[in-house]
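Below sits a lone chain in structure tokens, taken as the form predicted on its own.
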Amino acid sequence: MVSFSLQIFFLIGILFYFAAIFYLLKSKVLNLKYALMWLFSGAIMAVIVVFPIILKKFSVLVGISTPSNALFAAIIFFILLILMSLTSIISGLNEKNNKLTQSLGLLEKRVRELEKEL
């Protein structure tokens, strides 16, 4: 399977990953509701590193011949999940931006009409 030194190396990498996420959360660069997907994917990575047998059983269950291919498939799945999450967030922000722009336009029109009356 995976050598012990490689597991330690991956665990240290995952710790740096979590440290970066928590630093971004602490410095208010990243909101918690947007960071949950990143924290979830980090937790899954940690579980796979600590218990590599899970990856082997997953690959057998899905019918993938080698665990490394199953790992790549899982990584692609998580990347797609994060991309869909970010796309939905951006779509919501775009809609809010459009509504704010329309409201601002209506307010400016009203201010111009009130200034003409005075």
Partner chain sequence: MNAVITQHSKILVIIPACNEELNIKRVIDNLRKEAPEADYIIINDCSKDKTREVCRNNGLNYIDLPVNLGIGGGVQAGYQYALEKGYSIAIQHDGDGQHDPAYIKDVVSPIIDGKADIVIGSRFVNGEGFQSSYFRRLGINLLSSLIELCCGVRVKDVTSGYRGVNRKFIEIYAAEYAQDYPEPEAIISGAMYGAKIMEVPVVMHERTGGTSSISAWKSIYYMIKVSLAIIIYRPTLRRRYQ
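Positions refer to the first chain, counted from 1. This is a predicted model, so every value here is computed, not measured.
Although not depicted, the form predicted in complex with its partner chain is the subject of the following passage.
Although the partner is absent from this view, Glu113 contacts its partner chain in the predicted complex, with a non-hydrogen atom inside 4.5 angstroms. Although the partner is absent here, Gly13 lies well away from its partner chain in the predicted complex, with no heavy atom inside 4.5 Å.
Residue contact with its partner chain in the predicted complex: Leu104 places a heavy atom within 4.5 Å of it.
Contact with its partner chain in the predicted complex, defined as any heavy atom within 4.5 Å, is confined among 72-80, 89-97, 29-37, 57-65 to 89-97.
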